[in-house]
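Just one chain is shown here, as structure tokens, and it is the form predicted alone.
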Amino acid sequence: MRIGVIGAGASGIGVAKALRKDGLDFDVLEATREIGGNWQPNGSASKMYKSAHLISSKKNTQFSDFPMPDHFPHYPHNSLMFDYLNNVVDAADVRRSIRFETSVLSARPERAGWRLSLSDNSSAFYDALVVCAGLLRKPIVPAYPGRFDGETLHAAQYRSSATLDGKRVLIVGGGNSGCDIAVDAAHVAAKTFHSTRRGYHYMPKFIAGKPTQEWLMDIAPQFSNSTEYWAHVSEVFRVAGFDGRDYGLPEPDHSIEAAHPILNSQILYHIGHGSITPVADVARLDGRHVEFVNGRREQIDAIVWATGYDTDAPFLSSDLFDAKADLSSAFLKVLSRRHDNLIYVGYLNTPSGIGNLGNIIGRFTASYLIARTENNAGWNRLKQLVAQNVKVDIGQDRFMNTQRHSYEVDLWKFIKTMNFLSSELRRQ
């Protein structure tokens, strides 16, 4: 069995580690000249800006079998994360299987496998295909009435606050990137406005002397149910000064556990000091002015759209099947319902870093492919679950019904499910 892995970002690295450990034959096809995907410091795949640090702590981001060095801070800078991923690749002996600067132009089913046309004018055949091209593929820029005559860029293009120096800046988007860039702008812009569509729950990056995610895990056993747990968490954050309503922000229209967490210790600080001005959703663009849904109107020099991304897998030929629809309906957000030798890795979100998921999904991928080759009992049982469209609870119903959260799953339910299935697939 020969396996093609598309993408050498963090998800592709997790898969490649597991395939190497099980002695499977594979190639990783990487369009750029470096590993790391979004974590590359520059280049077409990079989403990094000068001030970017991990949102999840190093303990929640690292691969458990390859811990980050002790001298790394709790929230490493993006350059340290890039170095770490390179060290993981070398320690796992993965680099020799990566074909750099090799884009996949098309991937088509052929003879119970996949025929890939590559950018170097060659082709390759694989018995199975693992797509790790990532969620952050196509920047989304919302359409508003009117026209804006100032500068615009998407968060994917943002590299440093120097771009915003001395300007009246509008950051659109309330996620982690939008908050980070708004804080960046607050230090250099003549005026910083932050536009959000709704109220949000904000979490500090540290609480009780610990990275917040680690504190959240540590206190969980103290509570008998999730309602009591989240009520306690919300009260602690309120007392710590992280309730947006205390800063004049709207009340969230969702519970704290229903959205991907916003971890930022500075956004409310700068709002409270007047260096970031919160504004409502955009209503229309008018030359060098922006009007908001509450009637407010501001002169703006530059807009940064921190408005998310859409998925994209253009190499999966649309004349054969709708790849985006197949991805959206994938079993456990991983297994294609159209092709049992097509696996999607990295197309889900959890409130954690890659390390908690990379090894687990990598192990599941290897287990699945081995079981498929052996045609064992575990493989046949799983195949039936997929065919019968059995709904497995991985916590998706807990989250808001938005495009952003359509890929969100409950971390612990997902881990439990993946570990169980991996064990079943390996049972003889």
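In this text, residue numbers run from 1 along the sequence as written. These numbers were taken from a predicted model, which means no experiment stands behind them.
The same protein also exists as the form predicted in complex with a small molecule; that form is not shown, yet it is the one meant from here on.
Peer 1: Just one of 107, 169, 354, 306 has a heavy atom within 4.5 angstroms of the small molecule in the model of the complex, so which one?
Peer 2: Exactly one listed residue reaches within 4.5 Å, namely 354.
Peer 1: Identify, from the list 249, 136, 216, 335, the residue with a heavy atom within 4.5 Å of the small molecule in the model of the complex.
Peer 2: Of the candidates 249, 136, 216, 335, 136 is the one lying within 4.5 Å of the small molecule in the model of the complex.
Peer 1: Whether 97, 130 and 365 jointly form a contact site for the small molecule in the model of the complex is the question; each needs a heavy atom within 4.5 Å.
Peer 2: The answer is no; none of 97, 130 and 365 reaches the small molecule.
Peer 1: Does residue 47 reach the small molecule in the model of the complex, with heavy atoms at most 4.5 Å apart?
Peer 2: It does: once the small molecule is placed as it appears in the model of the complex, residue 47 has a heavy atom within 4.5 Å of it.
Peer 1: Any of the heavy atoms of residue 31 lying within 4.5 Å of the small molecule in the model of the complex?
Peer 2: Answer yes; at least one heavy atom of residue 31 falls within 4.5 Å of the small molecule in the model of the complex.
Peer 1: Mark residue 56 yes when one of its heavy atoms lies within 4.5 Å of a heavy atom of the small molecule in the model of the complex, and no otherwise.
Peer 2: Residue-level check for residue 56: yes, a contact with the small molecule.
Peer 1: Can any non-hydrogen atom of residue 10 be found within 4.5 angstroms of the small molecule in the model of the complex?
Peer 2: The answer is yes: residue 10 has a heavy atom within 4.5 Å of the small molecule.
Peer 1: Among the candidate stretches 381-389, 368-376, 35-43, 394-402, which one is within 4.5 Å of the small molecule in the model of the complex when only heavy atoms are counted?
Peer 2: Contact criterion met by 35-43 only.
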